[in-house]
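Below sits a lone chain in structure tokens, taken as the form predicted alone.
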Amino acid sequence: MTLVPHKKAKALKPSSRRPAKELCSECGLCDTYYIHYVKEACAFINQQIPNLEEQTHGRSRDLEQSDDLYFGVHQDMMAARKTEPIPGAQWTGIVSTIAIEMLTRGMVEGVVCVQNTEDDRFQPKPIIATTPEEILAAKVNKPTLSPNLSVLELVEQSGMKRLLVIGVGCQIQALRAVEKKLGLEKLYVLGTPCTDNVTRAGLQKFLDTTSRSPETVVYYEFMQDFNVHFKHEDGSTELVPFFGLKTNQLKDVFAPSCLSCFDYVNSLADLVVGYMGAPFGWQWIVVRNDRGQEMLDLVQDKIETQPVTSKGDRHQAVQQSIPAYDKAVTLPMWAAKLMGVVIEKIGPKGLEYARFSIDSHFTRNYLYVKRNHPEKLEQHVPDYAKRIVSQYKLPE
């Protein structure tokens, strides 16, 4: 398909092709003629989650209500898993199944999702899927910065009017900011929680530093049992304790955009499917609005659900993690495994684990912005994040 300039676009100098500079998350918007809107739309130039929550959900989050404060605007939360998992899916395949149902029922004409390149399972390749096979080829997370929005030009030129976009927080904030300029009749957004992505080179350093067999890793996840779970080609799972990671070598591997992000829970999606608020082996589902419920209804007969629960107290663990990360502390593996076992038994569970994860990342990211971009601190950090961070004592 031949691309033509957007009728509203204005030429930008090559030096301004990444206006967010080192904070660019490579969301893909600047790879399109929608770059014209980047200074309004970019999550790292113009943080505007409360306004976009109002636009998307009809209200912004209630800072006095704990679940709203942490997890954003929502109508419902639950734990779920497919009764018949999709083979090879990272979880049980709820995201892929919803996308396929929406496409085959004609609710949407295309699905923006991410496959991988032919020669690299971790190199993202955004596409507009128009068949179930193309959607299934996009299963499994790609833990690298991904230009999902780079296909927006093709959406307009294809004439599609009903679209599903699967993406992470920074991508979805930019999408919501330009949503009304896309000419769509219906837009559905299926989000996943996201934190600590890396460049492809950064991912390789993480794998080489952490896994016993980096060349055979198919995917990995930081899980509720305080271990990183690496899935290998032979079907085996390798566990590495959080507290045994070589922090001194990995501290700077994460993208600056991820170290400056305060939208772990993808607050502008219609429906969010992740894991951190659910029991081990289940997925955490957050229904944010009526469109999200409409999407979830499509698979109700294919999933089993249970209520979300919350157990334990995260505060001490978070407070202890702040200086440990700040000083790049790495424990001997025997001590890391022991600590992981103890915390897994007596530590936070369910929604309290999700709050633990949010707190530990927000405190880290607040310090990063304060130290590296102090001029952005006040405007860039949302009020809900400031309130969460204020619970803890931070180093200077």
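The numbering used is simple: start at 1 and walk along the sequence shown. Fair warning: this is a prediction, and the values are worked out from it, not measured in the lab.
There is another form of the same protein, the form predicted in complex with a small molecule; it is not shown, and what comes next is about it.
- Judged by heavy atoms within 4.5 Å of the small molecule in the model of the complex, the contact stretch among the candidates 208-216, 235-243, 93-101, 72-80 is 93-101.
- The candidate spot formed by V168, Y264 and Q283 is fully in contact with the small molecule in the model of the complex: every one of the three has a heavy atom within 4.5 Å.
- Checked against the small molecule in the model of the complex, the candidates L203, A138, A317, L187 yield a single residue with a heavy atom inside 4.5 Å, and that residue is A138.
- Comment: the small molecule is not present in this chain, but in the model of the complex one of S321, T195, T247, N289 has a heavy atom within 4.5 Å of it, namely T195.
- Although the partner is absent from this view, G274 contacts the small molecule in the model of the complex, with a non-hydrogen atom inside 4.5 angstroms.
- The small molecule in the model of the complex is not approached by L182, whose heavy atoms all lie more than 4.5 angstroms from it.
- The closest non-hydrogen atom of S146 lies within 4.5 Å of the small molecule in the model of the complex.
- Put simply, K142 is close to the small molecule in the model of the complex: some heavy atom of it is within 4.5 Å.
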